[in-house]
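The chain that follows stands alone, in the form predicted on its own, written as structure tokens.
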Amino acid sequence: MRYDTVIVGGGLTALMCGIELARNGRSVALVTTGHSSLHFSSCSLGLYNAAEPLKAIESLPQSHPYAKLGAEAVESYAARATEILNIAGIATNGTTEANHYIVTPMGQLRQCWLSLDGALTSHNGKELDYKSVALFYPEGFLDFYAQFICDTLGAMGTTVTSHTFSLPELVVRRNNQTEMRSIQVARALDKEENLRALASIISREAGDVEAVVLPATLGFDHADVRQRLSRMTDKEILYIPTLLTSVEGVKAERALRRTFESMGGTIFMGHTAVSHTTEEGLIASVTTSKGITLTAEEFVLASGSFIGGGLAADREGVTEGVFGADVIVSEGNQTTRDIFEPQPFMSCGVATDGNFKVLIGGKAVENLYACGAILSGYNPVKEGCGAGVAVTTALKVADDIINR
């Protein structure tokens, strides 16, 4: 099978790159093992952990993906990524000029560039826009820490009342702990009778508050559930992310995949790229675990880091398994004893030139690009820039392919 571009990966990076290529008339195939790390993401995308992220980017070392792009290009690609998310039906709030803060499932505040519409946020990390809220969550729900959240919101000057609710379907699910998770709760609340029952509970118990806050368990299969609940209760309905698995992350992945396929893209789901061939120093094809060989003019490596399977580590070192790309490994110990300290191994990744062309044997391969988490030179956790690097480098690579 032949395409203009084959992308190895199926997460945010791969989909963003694929959508941009497809909407510019390229035939594109994604090769993906299964569901991506979007399933574990929160309701936010980070650009960089600084009050003014674009200014902070200007001083990063040259090995950092943002330094290869430059602050002006990061800003431009971030704006285009927001546009693509909106095209996919993913409404967002935020700006590259200044970060805002999202409330996490553990009741902490985390800086972000974009938050999904409806998420409970703070513009400065010190106070909310609401002086009084009612927090509602299912009785026996395992992925939500209400007391931590109440403590955080209270410390910010917001009056919080906490309420549990129970519905007959959720009582049944509560008998099996594996069933009392975010997606199962969301599927229950998609049902009209359960949503109306919840609306009745909120109307009866919330009182005169400015907003009602729920775990992010609304609208798994029906996008308008939050808006409908707001109309039923005459209250503004907001949500806070839950622990794994993320309803909002699953919804985002599904929306991006639908958009990619609607533009003519092809997804080889359940396929792992296992080998490649070369011709005259260029990548000619990749073959998947199911024996499908895909040829193309350009190839993009967007398979993620260790979690995504793009990199593998053993006693001999760190390797990239599809193309045998050069890998840059941080010097010194690869872990620290304090799990809350930055871990050096997070900066491992494939080596690329200034245009994200992959190096193999020290030489850039002209038709093989890398983008996203598989890149070296940055720490996505410490710097809070995982999503930002994912989308900006994906669009940079797409631009270079389109303009070749």
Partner chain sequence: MKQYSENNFEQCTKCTVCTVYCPVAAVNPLYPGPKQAGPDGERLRMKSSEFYDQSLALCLNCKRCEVACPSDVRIGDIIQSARIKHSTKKPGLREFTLANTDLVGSVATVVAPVVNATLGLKPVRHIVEGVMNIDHRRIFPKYAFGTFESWMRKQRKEQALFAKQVAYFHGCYVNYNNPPLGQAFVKVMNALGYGVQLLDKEKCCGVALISNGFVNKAKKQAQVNINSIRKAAVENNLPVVATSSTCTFTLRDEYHHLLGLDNADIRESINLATKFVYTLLCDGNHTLKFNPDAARIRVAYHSPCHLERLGWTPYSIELLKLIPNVELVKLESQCCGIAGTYGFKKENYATSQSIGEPLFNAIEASECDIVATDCETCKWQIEMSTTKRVLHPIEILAASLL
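Numbering follows the first chain given and starts at 1. All of these numbers come straight from a predicted model, not from anything done at the bench.
Keep in mind that the form predicted in complex with the partner chain is not shown, yet the notes after this line are about it.
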property	result
Among 277-285, 74-82, 115-123, 252-260, the region lying within 4.5 Å of the partner chain in the predicted bound form by heavy atom distance	252-260
Contact check for 64, 90 and 235 against the partner chain in the predicted bound form, heavy atom at 4.5 Å	no
is_contact(residue 270, the partner chain) in the predicted bound form, heavy atom dist at most 4.5 Å	yes
Residue 184: touches the partner chain in the predicted bound form, heavy atom cutoff 4.5 angstroms	yes
In the predicted bound form, residue 363 touching the partner chain (heavy atom, 4.5 Å)	no
Exercise: residue 173 in contact with the partner chain in the predicted bound form, heavy atom 4.5 Å	yes
Proximity to the partner chain in the predicted bound form, single hit among 223, 329, 244, 98 (heavy atom within 4.5 Å)	244
Residues from 306-328 in contact with the partner chain (non-hydrogen atom within 4.5 Å) in the predicted bound form	307
